Every structure is written in C-alpha cells, then in structure tokens.
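Single chain ahead, written as structure tokens, the form predicted alone.
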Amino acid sequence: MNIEDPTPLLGNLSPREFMRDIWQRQPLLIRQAIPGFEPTITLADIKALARREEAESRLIWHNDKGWKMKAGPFPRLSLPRQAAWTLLVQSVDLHDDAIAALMRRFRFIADARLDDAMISIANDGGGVGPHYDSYDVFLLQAHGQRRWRISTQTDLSLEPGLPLKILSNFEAEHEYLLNPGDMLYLPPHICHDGVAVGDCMTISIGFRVPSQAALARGMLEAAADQISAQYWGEPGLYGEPALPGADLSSLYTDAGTDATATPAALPEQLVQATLETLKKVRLDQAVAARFLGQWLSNRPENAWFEPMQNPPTLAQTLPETGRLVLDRCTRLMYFEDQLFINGELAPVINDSVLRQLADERELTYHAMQSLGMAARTMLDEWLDEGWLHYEA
C-alpha cells in the first residue's frame, strides 16, 4: 500500500491523511472499506476454534437475570438458550493465514502498535454492553449486521458487581448500522455499544497502547539487567561493558560516620549514595530500543510454529527460485542495526536485506544473493524453528 494513495479501506483517505487527521483523534465510519467483503472464516469455524486449548476465548450472554461471562476453551460449546450471546476469540491471526493477511492490510501503522485480530460472533441482540477500550480498534463487519452506538462522553464510571466492564451512564451521540464490508475506527476511550441484528460476525483489528507505567517499568528492568551484568562481571547488553566507566561492584562505605542516637532512622548519607549510584546507570536510546524490540516482538504464548519438512540449507546453497516467507505468527522488527524476532535479539547486525524481510515479510531468491554467511546461517535456524518458510 502506497501511503500517499487514497484507499477505500480508509474511506478514500490516504494512509498519510488518515494518520494525520483521524488516528487517535476522532472516530471514523467507513462504508464499504472492503467492497463486497466475504469472510474466509465462518461462524462454525469460530465455534470450532473456541473449543481449542491454544485459542483464548470468552462467552458473554445476558437475559432478564443480568450479564454472565465464561472463559474458554469450550470442549463442548453449549450456547445459552433464550439469551442474547456473544462468543469472542482473540488472536485469530495466529491460527488462520487469511485473517493474518487481513490484519496486515493495516501495516501503514507500525508493527510495534499492531496487536491482534479478534473475532466475535453473536445471535440477535448479542453484544458485550456499552464500554470503552484503552486501545485503537478497527471494527470490520464480516457477516450479518451490527448496530453501533458511540459517545465521546467523559463519564467512564462502571456498573459495580458485574463480570465485565459495562458503563453505568452511557449516552449515545451517534448510531450506525454496519453491513459486511463496512468498518468503524475508534480511538482509545471512545464509548461504544455494538448489538447484533440477526446472526453476526465482527472482526476487530486491535492495536497496542502501552501505558507510561509499562514503558517506565520496562526501562527499569532493562537497567536492572545492566546492573546484574556489571555486578557479576558479565558482558553487557551489546557486548561492551554494561556500564562503561561505572564500578557498581564496589561496596558502600560510610567511614567516619558519627555514632547515632536514632538507630531506626535511615542514614541521609545512604539515601544520597543510592541516588548517586543510579546516575551511573545508562538509560539511553540503545537500551530503550533493546527493551522495546524484545518486548513488542515477543511471541504470544498461544503462537504455534510448524517447521517445514526438509527446508533448504541456505548456508550451503542459495535457491535459484522461490522466496522466504515469515510465518504468520512471527514478529520481526528492527531499529538501526538491531534486529528483533519473536522476543529475541538477532545475532547479526541488521542490513537492508533483513530490513526488507521485516517490512515485506518475504524475500525473493534475488534478494537472498547478497546475504552474508552469518545471515544465511541465522535464516537456516529460523527455518528449523518454523519462524520462516521457503516457498518454491
């Protein structure tokens, strides 16, 4: 997708215009975002997926007795009778190539933000109640109809004592009926309520929105890794000493300190020495990139990789036809000369060919010709793990 070209997917905005004017700013209703859309996955497929141990699923229903929720898997799926129900399955992109391909139509937004494709199916009246999400989402209608009501209200108070988060005082400002191919984009904290009109399927393309607390904690954990490496005399994160110029293996000293009449009080000198020590810990761009690259590329627990039979050995002979393709579950990202795959820092320095593999998620045999031996050996390991596949 050219980021300058208008596209029906974004209501005939270009990706650049969408990111500039709409993203995280306001909701957008897009009629026929995918004209004539027909899902490659059926309601029966979603029910079957909810029975599987490796799929995360929930069943939500409501009747005159109120709201109920049950977590899957559902070996014997029994849908509530005389109740409006919704069955949700998370991360369907990890289990279905077509849904993974659909999700990647949104890669005009960085992979670091792209999370998963959740699919919900429902009977007439089914929904999860008025609520808000703390992430960006595209809601693509796949089958049947769903009526959406949305609100920009600031009152986010919730009904107490319920098994799911439902707004106490939802006041709709806009109402839309979506048909297959229609899509609704919602930024974080836009209140919404979707109700099925007849049997219904909705595909939700969700995006990560890390909190500042999560980012700060990750950076501090990365710093803790540095300190441990320095203390135990091990190499740092990038092969050099973990804290250049800093000797954190030395002991705290308080020689010359006067006797105290208040032994329970923390010594001011110890507090100040601790603060001075923290100034020696490196918190820079390289550490931030290492933390983010490993965290955001980390594969979900329910990702399943299946290595191909008898893959080529690239370190011996490069193929003269075909291409390398990343597995649908593989997450490959880069920053400057660092390359991250499925939560690991790759052992080779990133180059233009590996960046091409990350951006395009495939590599033709022509592009492989310029790969060095270290990179080819690494790709062989990825083939053996099932993270990468060869297609002749």
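So that there is no doubt, residue numbering starts at 1 and follows the sequence shown. Everything numeric here is computed off the predicted structure, so don't read it as measured data.
Form predicted in complex with succinic acid: not shown, discussed below.
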Out of the stretches listed (99 to 107, 291 to 299, 251 to 259, 118 to 126), which one is close to succinic acid in the predicted complex, meaning heavy atoms within 4.5 Å? 118 to 126
With succinic acid left out of view, which of Val281, Leu167, Leu88, Leu314 would have a heavy atom within 4.5 Å of it in the predicted complex? Leu88
Exactly one residue in Gln226, Gln145, Gln153, Ser204 has a non-hydrogen atom within 4.5 Å of succinic acid in the predicted complex; which is it? Ser204
Could you confirm whether Leu184 comes within 4.5 Å of succinic acid in the predicted complex, counting heavy atoms only? no
Just to confirm, Asp136 within 4.5 Å of succinic acid in the predicted complex by heavy atoms? no
Even though the partner isn't displayed, in the predicted complex is His131 close enough to succinic acid, meaning a heavy atom within 4.5 Å? yes
